[in-house]
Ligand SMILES: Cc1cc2nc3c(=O)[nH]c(=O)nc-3n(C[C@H](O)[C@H](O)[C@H](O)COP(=O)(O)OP(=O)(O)OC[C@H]3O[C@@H](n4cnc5c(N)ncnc54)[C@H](O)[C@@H]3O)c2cc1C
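Heads up, the chain below is alone and in the form predicted alone; it's given as structure tokens.
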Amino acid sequence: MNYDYDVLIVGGGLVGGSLALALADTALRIGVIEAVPEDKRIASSAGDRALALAWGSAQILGQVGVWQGAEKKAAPIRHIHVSDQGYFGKLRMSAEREGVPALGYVATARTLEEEVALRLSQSPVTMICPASVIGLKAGSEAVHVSLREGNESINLTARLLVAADGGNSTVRKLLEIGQSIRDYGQTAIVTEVNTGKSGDFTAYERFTPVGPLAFLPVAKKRYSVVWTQKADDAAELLAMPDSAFTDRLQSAFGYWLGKIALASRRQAFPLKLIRAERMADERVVLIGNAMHQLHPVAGQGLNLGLRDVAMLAEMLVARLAFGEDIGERTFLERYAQARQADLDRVIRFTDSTVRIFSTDFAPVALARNAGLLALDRFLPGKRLLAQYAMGLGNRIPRFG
């Protein structure tokens, strides 16, 4: 049969857009369905949020031509400093020790989105925007997608549909794919601060009895803060005057960076572990937040989504080279199986970290403090942890 597209990607954000770019130079006809117009995306305050990119994720973005422009506006993470409030245990990692220019990077969502949008505008990828998916039906030969574009209804066909439309994925809902949800009963307070001292581009992860507190460098004396709190405590902190909130934050973090001053408004996000019950369906595959949403404790959400992109692109390019059906169900199930180990490992790590480091129960606190001390001195173990922090626990797929 004749298809309108070979691959339709629902969601033109960082994950969906990166996949489109990864496939743009192939013989595949790619269409991207995006609900948010460009001007609204640019105006959204969501673009101000700081994103932690592992070193491996920067390499993936480099393969699709995004990192070359984004790197100029990103801050490198040259050191990682992990501490436990009230205890002596610390863990320190450095890019120099690992032989890389940076363990990772911090960039705003807007910086990355603008580079993705620019690259897409210069590619043969067809953007269908603004448009929303209102129905779909997958069969043995094609997936049929119904769209609402303005006042018009459009019907398209493709060999493969990729859902990259975020945590509230319309595609996942239309397919009635369930989710397993673990509510941590925690809220992340996100803001930025100016600091009295330069941290030499160090990322700090400080564990407190109520949850982790992260300071991510965005400039020499400016940091993005993610402060995990119990839901009730978060509401109290959000209602405080700026000066009182800053005092509480300073007390929790300490004076590693000297005196801190609030530099942006506070925002709050409830924290849950959400995982779709399956990754693949008939001629449909889920990637990024449409498939998984994690606690931000290890900053792995976007990094995991970009590894979804890299693996799927590599497998699709190989499939295309052999002239085989890119939407065939057993192929999509092989992709899901290939991604399973990485997904399981990251979920286990983030979930166990939240549980172990969000309690002040003395025996647990003493044990984790001893663990930090031991790991900081055990170089092979620290090297392995650094490799995972850089997103190198798996081979980085090549699709170019």
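Owing to the predicted nature of the structure, the values given are computational and were not obtained by experimental measurement. In this text, residue numbers run from 1 along the sequence as written.
The following text describes the form predicted together with this ligand, which does not appear among the structures shown.
Would Val162 sit within 4.5 Å of this ligand in the predicted complex, counting heavy atoms only?
Result no; Val162 lies far from this ligand in the predicted complex.
Quick one: is Ile33 in contact with this ligand in the predicted complex, heavy atoms, 4.5 Å cut-off?
Yes - in the predicted complex, heavy atoms of Ile33 and this ligand come within 4.5 Å of each other.
Leu19, heavy atom within 4.5 angstroms of this ligand in the predicted complex:
Heavy-atom contact with this ligand at 4.5 Å: absent for Leu19.
Contact label in the predicted complex: Thr170 to this ligand, heavy atom within 4.5 Å:
Yes, Thr170 sits close enough to this ligand in the predicted complex that at least one of its heavy atoms falls within 4.5 Å.
Of the residues Pro76, Gly301, Pro212, Gly199, which one places a heavy atom within 4.5 Å of this ligand in the predicted complex?
When this ligand is considered in the predicted complex, the option within 4.5 Å is Gly301.
Counting non-hydrogen atoms within 4.5 angstroms of this ligand in the predicted complex, say which of Leu51, Leu343, Leu332, Ala70 makes the cut.
Of the candidates Leu51, Leu343, Leu332, Ala70, Leu51 is the one lying within 4.5 Å of this ligand in the predicted complex.
Partner-facing stretch of 288-296, 275-283, 311-319, 94-102, counted where any non-hydrogen atom is within 4.5 angstroms of this ligand in the predicted complex:
Stretch 288-296 is the one.
Using a 4.5 Å cut-off on any heavy atom, which residues of 6-25 would contact this ligand in the predicted complex?
Contacts from 6-25: Val10, Gly11, Gly12, Gly13, Leu14, Val15, Gly16.
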